[in-house]
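A single chain, nothing else alongside it, follows as structure tokens in the form predicted on its own.
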């Protein structure tokens, strides 16, 4: 089969975002996946201001100006920032329109190897696909990535789209985090309710474990969701859909290889929040521009891959990721009461501080200032615990990436 400029492997949001961005650079693009047009079933949320690369109104199902969190005590805090639920069909259609020149193929990639001035991807059905560059957007674990040296921390969640006998949260609102633990006999590990009023009598309710190593089992989250709703006098009258999620929060950063990792395959899941879709949309144009330039310069496939890898993970992004991974290690070391106190302090920070942290818009220096402000804000007993975790040998090794980020991706 004749070669193309770029072969994208994977048909999730990251894969289609990469294909659309490359098509916009007028590159010849082929997309390969076992089910390239399969619907995306997961509920993808985002802050509206994170969707600057696309028109938020064109790809969102619903937006909420009232966003609530509950951390310590019975009271809620209202966050002055608009949240949205991405409409997967609209996002898919938007990216598909931008990637209209892309050739879509059904198949499963097995391996990739150099073939002179091209790369060759072998599929499980024996096909050989040639391209000057290959993007691995297959998620975690990546199709062409090396196995993780140790099990990562996972965010797990169990949720329902359902009709309920009574509102679980105030109508017209969404709840980003409700750490109320009173419905549970056991408070460990910390889990929270993530809920949205979808309108027309429909609700999305999800019990989430932000990060744990090993992962909190989905059956535990299902039981807690049932207990939480029962405690509020709410029963499910109709289940419209179920959601089961597991995201690797600290997958190893990709090393430069024949294929360029992107999306979750490139460890782009936020190590402290679990979000990734908006970030994939934001980084895709830089990836495509680097490929366009490298191809115009007639570089060989290894040079093309290195240039694209640097576009996905520039040094500043690597430094920031190091700080986020340090934040994850802190969260993993906290028990449930300390976790609630930690987030109480976090959302009490100025808007620009916590917004920059969760949306990756802060510089490395600004992230360091935010983390120091948070340490000063939390209660003294928690401050000592956070500092003890942050100064542990493992955390210090992680922190060395702020000084020498290139060591992470040789």
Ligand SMILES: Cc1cc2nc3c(=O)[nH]c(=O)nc-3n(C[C@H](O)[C@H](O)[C@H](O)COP(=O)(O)OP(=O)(O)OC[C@H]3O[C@@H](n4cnc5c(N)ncnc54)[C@H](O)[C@@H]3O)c2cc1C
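Just so you know, these numbers come straight off a predicted model, no measurement behind them. Residue numbers count along the first chain shown, from 1.
Just so it is clear, the following notes concern the form predicted in complex with the named molecule, a form of the same protein that is not shown.
Engineer: Spell it out for me: taking the named molecule in the model of the complex, does every residue among 170, 174 and 193 have a heavy atom no farther than 4.5 Å from it?
Structural biologist: The answer is no; none of 170, 174 and 193 reaches the named molecule.
Engineer: Since only the chain is shown here, I'm wondering whether residue 339 would be in contact with the named molecule in the model of the complex (any heavy atom pair within 4.5 Å).
Structural biologist: It does not: once the named molecule is placed as it appears in the model of the complex, residue 339 has no heavy atom within 4.5 Å of it.
Engineer: Answer with yes or no whether residue 246 is in contact with the named molecule in the model of the complex, where contact means some heavy atom within 4.5 Å.
Structural biologist: Looking in the model of the complex, residue contacts with the named molecule include residue 246, since a heavy atom lies within 4.5 Å.
Engineer: Using 4.5 Å between non-hydrogen atoms, is residue 29 touching the named molecule in the model of the complex?
Structural biologist: Judged by the heavy-atom cut-off of 4.5 Å, residue 29 is well away from the named molecule in the model of the complex.
Engineer: Residue 252: heavy atom within 4.5 Å of the named molecule in the model of the complex?
Structural biologist: So residue 252 does not count as contacting the named molecule.
Engineer: In terms of non-hydrogen atoms within 4.5 angstroms, which of the given stretches 146-154, 305-313, 217-225, 269-277 touches the named molecule in the model of the complex?
Structural biologist: Correct option: 269-277.
Engineer: Exactly one of 378, 358, 56, 33 has a non-hydrogen atom within 4.5 Å of the named molecule in the model of the complex; which residue is it?
Structural biologist: Looking at the other structure, the residue within range turns out to be 33.
Engineer: Among the candidate residues 257, 285, 301, 107, which is the single one with a non-hydrogen atom no more than 4.5 Å from the named molecule in the model of the complex?
Structural biologist: Answer to the contact question: 107.
Engineer: Who in 28-59 is close to the named molecule in the model of the complex, meaning a heavy atom within 4.5 Å?
Structural biologist: Counting only heavy atoms within 4.5 Å of the named molecule in the model of the complex, the contacting residues of 28-59 are 32, 33, 34, 42, 43, 44, 45.
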